[in-house]
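You are given structure tokens for the same protein chain in two forms, set apart as structure 1 and structure 2.
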Structure 1
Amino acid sequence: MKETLRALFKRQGPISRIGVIGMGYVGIPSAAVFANCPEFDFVWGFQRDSPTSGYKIEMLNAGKSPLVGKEPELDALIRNAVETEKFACTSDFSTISEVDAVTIAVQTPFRNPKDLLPDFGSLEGALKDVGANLREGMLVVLESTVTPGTTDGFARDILERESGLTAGEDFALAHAPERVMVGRLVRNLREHDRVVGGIDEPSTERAVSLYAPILTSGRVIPMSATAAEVTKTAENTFRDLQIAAINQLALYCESMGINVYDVRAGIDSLKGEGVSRGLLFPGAGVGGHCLPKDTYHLERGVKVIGGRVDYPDNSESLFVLARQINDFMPKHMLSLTVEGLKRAGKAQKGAKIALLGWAFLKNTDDARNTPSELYYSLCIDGGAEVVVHDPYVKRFGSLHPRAQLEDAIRNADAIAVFTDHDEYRSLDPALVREWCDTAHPVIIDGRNILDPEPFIERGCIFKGIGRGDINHHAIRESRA
């Protein structure tokens, strides 16, 4: 059986034409990097011509990136790929039949984390499109983060049903999870080690041959498809756990009246052989496509394909508890806001709040699962007026953030900083005091990017995540 698939690959030769399904934060840079790699002849980008995303097709074919924000190298790679006629974007999924390998990078969120029910609608649609156009000797790779067991189960079933072909005999199937961060997409694709797992050895080998050419300093780490799925969900679960740990420490430090950043610096100072603390930073919440859901994919995986877990009786999963702590942080931001308003003699109801930052990540427009959204809703539910500013996010559903910072801050009773965009780091205390035009504007720093003292000197009431040392400072007479 395995030799049959290897024989198909030998007859077909090296991978030369690639298809990338999903022109988003993963698919666009992946297609651009593949297309600029001399080992490959051509790359198709597949994007549905929908009312919300169809515009990407025209932009990409004009050599322009639809992604907003600072993304080094990406614009130049896309432009070069189009100019050299090595890349094109299309909504015609029948063109999949022309490629040697196709990757799938679509969103895989959860409908209901409590019931561990993922929303695989986009993934299922992409798999059906591939299956309908699958031919012998092709390689199919899932790059989307999925529940362990998905590649050799759910995905395999759909591909075989739609194509009439057999995975492992007629075509190769693998999982190679993306490991990129917005703001450094191209660099991450080239420099991060790439985990690659096939449903069998020939599938793994074929997938390795797809990713090895694009790596500069990174290396390929081969394993099984299920091990690759667990690797991706576990690495994000561990990062979420680290963030939850420092967030909980920040809440403790607030309660004890000390600065969590002093404590963090002290802990981090202990270095040496065998010493590694892996300290991250506390903040207003965790967003993005991966961290808010990957814990649930891991938890679902152990229930779907695992057996009994030997674990303390009646104990909640440590990973799920960490997820709950991080989900709580926007609520804590509201608590700090309400406390600050109370000190200023105001209530949440009727207050005007300037929310700075809708994207979850600095200097990008990536607002997937942004923690700002929960804070926004809680403020509105409490009767506050909320004005949002973000220099990169122009629209989010029906929300249109203000383009000018002054427009958001003017006449605000409180300012909540949710994103560490560079623009907010240089927030001028004098201008804030002037624009707010109130005796004691409330500043809530959710990312520790502001120096409290200049704001406090001007009569502001300052609060920050983990800043127990200043959260109850004496209120000074306001001055311009």
Structure 2
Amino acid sequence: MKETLRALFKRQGPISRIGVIGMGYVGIPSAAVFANCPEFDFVWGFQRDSPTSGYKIEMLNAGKSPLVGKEPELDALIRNAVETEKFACTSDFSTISEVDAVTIAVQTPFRNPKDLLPDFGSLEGALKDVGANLREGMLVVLESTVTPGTTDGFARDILERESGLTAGEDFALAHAPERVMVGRLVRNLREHDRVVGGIDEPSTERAVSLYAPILTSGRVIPMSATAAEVTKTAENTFRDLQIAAINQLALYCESMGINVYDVRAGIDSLKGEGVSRGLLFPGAGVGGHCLPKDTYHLERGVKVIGGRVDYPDNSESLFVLARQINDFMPKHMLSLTVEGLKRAGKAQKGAKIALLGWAFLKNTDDARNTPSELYYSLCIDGGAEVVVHDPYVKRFGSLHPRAQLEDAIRNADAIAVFTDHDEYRSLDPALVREWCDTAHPVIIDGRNILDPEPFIERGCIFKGIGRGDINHHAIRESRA
């Protein structure tokens, strides 16, 4: 009678040696936290020695973090793990055969933003590396965000094919989605609750024994692998939905001539007894590596593993509609810009537009799926000249944002604020008047971070997302 997986784990004892594949924003803090946990003896970090990322191997083995930006505790954790010989990074994937558990944290981006299909190339490569070195009694955990059905389907198939072993009998397989945010990677890993979903009970139990020891205030939330995949994609889908809801309300408020922020404050005042409406903030669009894609992971999951969905006839998914509303916001920013230029007696064609903010998130250089890119293209397509400014983003493809505000704003006919970088909160209306060599510069505030009055007083034409109360203000005499 073949030994059960539980019996195999019992004979083998608790997990002591861990492998983490993908030394990125998820893998590095994960490996560092595991390695500093007394329950575990050693952690291998696996990183391809590629031209773009191979440098991380040497840095990590020297006890240094290759991540940019401030990550509290991370440097000390890596240094300590290397000094106590509890962590090493390698490109030799055959070493996977030495560990008891291996986690996979590689990027799952779009193949291209147009077709909204995931590029599982990196994931497939990692799964093949694991499968080729898989041995009985191991636990494999996917941490990357995946389409529901991937763990118990695509991933399981590759692992079984490459190893000749059977998931759920010879090895455990689970999904434990990452929920870390840049700037608080280590804290999130330890304090966030951790959803852990196995393809079967023994897999879930084994995966719980991997994550429970690293949690401080967080707790493990066990479930099935597919439920874990839906949890991760849906938590971002719901955030995107919340943003779309307030964006739609902002568009309504503009058309009704009222201030969406008055309405927001009014609704938000309904507090207590869990009646909060969870209002977020309207804006120039939704970027990043999570929200623009996770809805489509969820939608694809329903199609791949779901049966027929009983749903209102001829109605499209609320979640996809939310995506369309959020993706519309850069177009709305262009509408506001063109209306403003028209009030100044100008056309989009030939206008010079200063685009402030290329990063999708304030005070960062992260520009993945930035909404600024669509606005930029639409402005150019309509014959305008666009100069981009961003204090953090140095380069984006062939685009090199200016680092100095004056370089972008000088001689501009319109200024569009896309990112709520702190630097823009102190944009000086007097300087804007001085730099813009035109009687009525147009100011479009996509993040509600400017006070309209000082700009309007100087003859500027001001428009803001959701600001129906001021978007058709009287134009004052132009003055410095």
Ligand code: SAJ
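Along the sequence of structure 1, residues get numbers from 1 upward. The model shown is predicted, which means the values in this text are computed figures rather than measured ones.
Comparing the two isolated chains, structure 2 is the one taken from the form predicted together with this ligand; structure 1 is not. Panel note: of V393, L356, V33, T233, the residue at the hinge between moving rigid parts between the two structures is T233; all others are over 12 positions away. Of the two rigid parts of this chain, the smaller turns against the larger by 11 degrees between the two structures, per C-alpha superposition.
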